[in-house]
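Just the one chain here, laid out as structure tokens, in the form predicted alone.
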């Protein structure tokens, strides 16, 4: 049974550690979601998110997991007779391809081995061979701890394939990694709040380009819950299409205030410092799963070179210290383990965790 007075500290890749001051925001009195008080909080939150994501276009808040925006991007911006190129380098980028197919769209796949980056050259070669309406990318593949070179990819796309819409899963990247949405020329980018925003699960933030909204006008059968055009209409009134998760939006508002005050350059620097610390430890005691130049600044996938029993180690650390880190994901279970260093986690927290892992593994 969970001791709710002393819950475990989470260093899994999400949900991550949530501080008490953030949790307190979830207990604020609720508001009517069509009233002016809510509209004020919603509008203020969206304005701050635009600053954090460096966009003057559209930012929507969805009461859903980020997986919903996999579907939303496809259903809103790819017509049934069009083809989307899905780049695949791990469990979550692989899943997005499956979702696109389930939406009845034509899909072509660009697949690399887990732990290998999707490069501009690979994408260029694929796009040059056919007519694609859109491409799906994963900024930071949570299953492998790999950050794709999205800036280089975006530069190439803008120069050579400016008409191809760009959809980016930024789930474990947004806030923790640099993201200049307008400059990159992306059309949809999204993240759930239980990662670098350091809020319990329940919301997703989505940046959507004006170009994507124009494209949606031409796409039939977009559905209801995730209809970008309906979202945009509601956003004009600082509202959401359907009843939002108001307590989570209050927590998001609170976190955005802190992030704006800190400044995004400082936020990104803080995440890199934590990543460097964990990577140095991993290289000394084990190894990194992916090539270091592509290693993520929000979570580290450690290659289990010692052949430790990862599940047993996780259990021991939890029982002794009430702290949890992550096993490898899917086919990487026991071959790797994952340590999150995003959100409100700090270097002192990580030093404790790594020392405890050392105690168990020698």
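Numbering follows the first chain given and starts at 1. All values reported here derive from a predicted model rather than from experimental measurement.
Same protein, other form: the form predicted together with a small molecule, not shown, and the subject of what follows.
- The small molecule is not drawn, but in the predicted complex it has a heavy atom within 4.5 Å of residue 194.
- The closest non-hydrogen atom of residue 335 lies beyond 4.5 Å of the small molecule in the predicted complex.
- Mapping the unseen interface onto this chain, residue 55 falls outside it, with no heavy atom inside 4.5 Å of the small molecule in the predicted complex.
- Of the heavy atoms in residue 73, none are within 4.5 Å of the small molecule in the predicted complex.
- Only one of 237 to 245, 275 to 283, 133 to 141, 213 to 221 lies within 4.5 Å of the small molecule in the predicted complex by heavy atoms, and it is 133 to 141.
- When you look in the predicted complex, the only residue of 327, 63, 67, 313 with a non-hydrogen atom within 4.5 Å of the small molecule is 67.
- Scanning 226, 114, 181, 92 against the small molecule in the predicted complex with a 4.5 Å heavy atom cut-off leaves one residue, 92.
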